[in-house]
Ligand SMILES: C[S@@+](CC[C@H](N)C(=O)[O-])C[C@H]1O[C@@H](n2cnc3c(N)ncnc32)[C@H](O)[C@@H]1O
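Quick setup: one chain, the form predicted on its own, written in structure tokens, and binding and motion questions come after.
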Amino acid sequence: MLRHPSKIITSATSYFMHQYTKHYLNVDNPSKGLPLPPENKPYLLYVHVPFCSMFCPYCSFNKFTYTKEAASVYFEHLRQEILHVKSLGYDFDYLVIGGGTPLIDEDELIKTIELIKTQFNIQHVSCESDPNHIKPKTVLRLDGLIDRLSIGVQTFDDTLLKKLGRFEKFGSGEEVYRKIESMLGILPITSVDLIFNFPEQSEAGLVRDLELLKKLSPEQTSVYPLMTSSLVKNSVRKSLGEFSMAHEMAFFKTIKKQLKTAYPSRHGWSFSKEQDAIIDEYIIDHEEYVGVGSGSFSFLKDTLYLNEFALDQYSSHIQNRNSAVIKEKTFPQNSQMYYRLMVDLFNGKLSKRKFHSMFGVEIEEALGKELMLLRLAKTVVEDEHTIQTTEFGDYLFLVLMKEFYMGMDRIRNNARKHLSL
């Protein structure tokens, strides 16, 4: 039986991106640390909190089992690293806190946010949370410190929650719903984040998740495709069953259709009620950023920097030289162009003028063959100033971005091979 052309194009694109990231996304060169920044340029600061009380089978981020003692030592060194970055001359206007579980030790986190706000001109703070750390009493402590709280719900389906090991830890879908309902409105923006295309997930199950989301009515949501990099593939198969791409495109169309009215502003795979409200898919809006903490990444100018992953080694680096940056990789200009094409069209629109200002060349001259293939595949439409994605293009660039993130997972996998959780 012949395959539909869109599936052939998607499979070929996914394969190309997989091979491309496999070749280019390796960070092996020793690094002396972050370069000095230009004057008067604000960046985004990413802070990583690598502690969890349980590990989700699909999660590929750098994480370790939480203890109060380990967290106290870690946060002390984290704050020391932040002050080191300050001493280099960096300033930040946007703070994103991820994990792990950032709110697993709220006292230490609050102390760290307060330090950052005294040192830098922070305008927006976005933080992740799991459903166990959103009690109104806790969230009230964050009022005035955090502008956007992103809650990883993943699904309201109890059958899936049990397979994921989240039912016992966070409660049933109904209990999670009530937890979120009780804290909505305390902070300016709450995002309820879901995952789609779990093994054995039905369209009816996905629609139910989306209906509950709309009924709950947070300011934002992100609905991510399940990602099965080599780091998590075996644990996903063991807990959830065999993974398939057969329904992913149809599911993504369902998501966009279901959320079109309630969440009209779309930003990649994130959706918002308000056009200008902050969304922390920070690589879309920030070409450069600095990461601090165990296993964090920084991207400055044309170079990716990698922090030490192991907690004991991270602490040792901070104690000895204030910086945990250990490796780096500088990318050629054509790779940077591909990256910008992918990221901007993942967000739905690329500005030709912006591309020219970044690279000093017209996009048609630099990426003419690539644009021709995108047009032939009916993934983009364009005018004099912009290139925009079609409905099929929306999905194709979701696939590309997913492969990019899984490529980043390979870096984490190589860095974590010998670590104890």
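This structure is a prediction, so every number in the text was calculated from the model and none was measured. The first residue of the sequence shown is number 1, and the count goes up from there.
The same protein has a further form, the form predicted in complex with the ligand, not shown here; the description that follows concerns it.
Chemist: Out of 287-295, 319-327, 112-120, 221-229, where are the residues with a heavy atom within 4.5 Å of the ligand in the predicted complex?
Modeler: It is 221-229 that comes within 4.5 Å of the partner.
Chemist: Name the residue from 81, 308, 128, 108 that puts a heavy atom within 4.5 Å of the ligand in the predicted complex.
Modeler: Of the listed residues, the single hit is 128.
Chemist: Only one of 270, 197, 101, 315 gets a heavy atom within 4.5 Å of the ligand in the predicted complex. Which one?
Modeler: That would be 101.
Chemist: Residue-level contact is defined here as any heavy atom of the residue lying within 4.5 Å of the ligand in the predicted complex; does residue 392 satisfy this criterion?
Modeler: No.
Chemist: Using a 4.5 Å heavy atom cut-off, state whether residue 366 contacts the ligand in the predicted complex.
Modeler: Output for residue 366 is no: heavy atoms all beyond 4.5 Å of the ligand.
Chemist: Check residue 173 for me: does it contact the ligand in the predicted complex (non-hydrogen atoms, 4.5 angstroms)?
Modeler: Because no heavy atom of residue 173 falls inside 4.5 Å of the ligand in the predicted complex, the answer is no.
Chemist: According to a 4.5 angstroms non-hydrogen atom cut-off, is residue 154 in contact with the ligand in the predicted complex?
Modeler: Residue-level check for residue 154: yes, a contact with the ligand.
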